[in-house]
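So this first bit is one chain, no partners, the form predicted alone, shown in structure tokens.
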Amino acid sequence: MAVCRVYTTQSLNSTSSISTSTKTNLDFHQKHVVFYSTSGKRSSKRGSSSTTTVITCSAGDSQTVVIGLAADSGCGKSTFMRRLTSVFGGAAEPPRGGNPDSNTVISDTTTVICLDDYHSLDRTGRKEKGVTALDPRANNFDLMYEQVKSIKDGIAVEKPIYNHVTGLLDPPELIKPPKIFVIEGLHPLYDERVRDLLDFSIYLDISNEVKFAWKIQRDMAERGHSLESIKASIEARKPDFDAYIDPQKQYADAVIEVLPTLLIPDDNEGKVLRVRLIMKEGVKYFNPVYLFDEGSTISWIPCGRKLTCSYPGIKFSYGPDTYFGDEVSVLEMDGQFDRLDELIYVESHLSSISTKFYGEVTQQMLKHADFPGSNNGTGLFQTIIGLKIRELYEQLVTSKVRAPVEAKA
């Protein structure tokens, strides 16, 4: 027997809500069948609306795993998402035939949405009210919660689109439940209701020094901004970042912390990075990665004959610690690789990395050697977390299939 949901979404500009919902049992065995019919016309004019009727039928054995990725603007969320979708296979692309300015990317198994789409104020509105996009008052958390919950329950939604080019709120786009649903942006861990829907959460914690260097590189080189405007932008955002974004890291299951190197005294160039992977203990279906001996305190400088690295070299460390009162394991890498093919030497000394075959981490790193951070701990730890999320998804699906069998027994 399949369970079907019949419901209507009504959209007004870029907000939407589920207005009716009915469950019906039908006697067929398709795993997932979706029928769409629409009525009304979409318009960008204020006050216009559209209605979409959707029938979603599921045999009940599907599972949407929801992942939250939190970070400030310009902290590498997009690169992380490309690494994650690569682990699951298939190229990540914008929705076909949709809004060319959509922030959504879809692969064979993964859909990634940007939480900027839940801005309740467009660029002009924020300026008029004197708030930044980081301020909760500029975001619609009620709609965010309702739509993330719907996706997790197997129900498609019409999600708003925030147009980063025009700064306006565009008409919504249809998002169907995928196997892996990633919500990335400034506030995935801010609202307790949304946090409770997450199966796993990550926070990218970039130090002020590194963030400044990255933002200069991106905004000056790619967007033509002046150094003065970049400094002013950072300073203007900092109070809201400290108040609303940074505190979210205490809720994350894993934190990737990027800091200046300790291998070069008084380094101020920011080219060599020290990266820490902070992993919370006791998270269901997630076992922290460890170096050599689980639970021990380890400091390791790899053999120079097996791992080529120029000055200042590479140093790893691992051990237990506490983070916001929680027990964690911390794996740290300081320095950078010269040859990614030699990463197999480091990989062979790491355990609980959720690979399916020997050398899979190295293969993934080589596959995306041109991605930012591929020669240091950011790329390495992002890849490992991607593999851990794949394992978490597989275990969640297995547990859901096993539960009815155990109940009958």
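Quick caveat, the model's predicted, so the values are computed rather than measured. Heads up: residue numbers just count along the shown sequence, starting at 1.
Separately, the form predicted in complex with a small molecule exists; it is not shown, and the next lines address it.
Undergrad: From the list I155, A133, L259, V272, which entry has a heavy atom within 4.5 Å of the small molecule in the model of the complex?
TA: Here the answer is residue option A133.
Undergrad: Report the residue, out of R123, K179, R276, K249, that has at least one non-hydrogen atom within 4.5 angstroms of the small molecule in the model of the complex.
TA: Contact check passes for R123.
Undergrad: In the model of the complex, which of the stretches 140-148, 290-298, 159-167, 94-102 has residues with heavy atoms within 4.5 Å of the small molecule?
TA: Single hit among the candidates: 159-167.
Undergrad: For a quick test of understanding: in the model of the complex, does each of S73, H119 and R237 have a heavy atom within 4.5 Å of the small molecule?
TA: The answer is yes: all three residues contact the partner (heavy atom, 4.5 Å cut-off).
Undergrad: So, in the model of the complex, is L186 in contact with the small molecule at a 4.5 angstroms heavy atom limit?
TA: Taking the distances in the model of the complex, the answer for L186 is yes, it comes within 4.5 Å of the small molecule.
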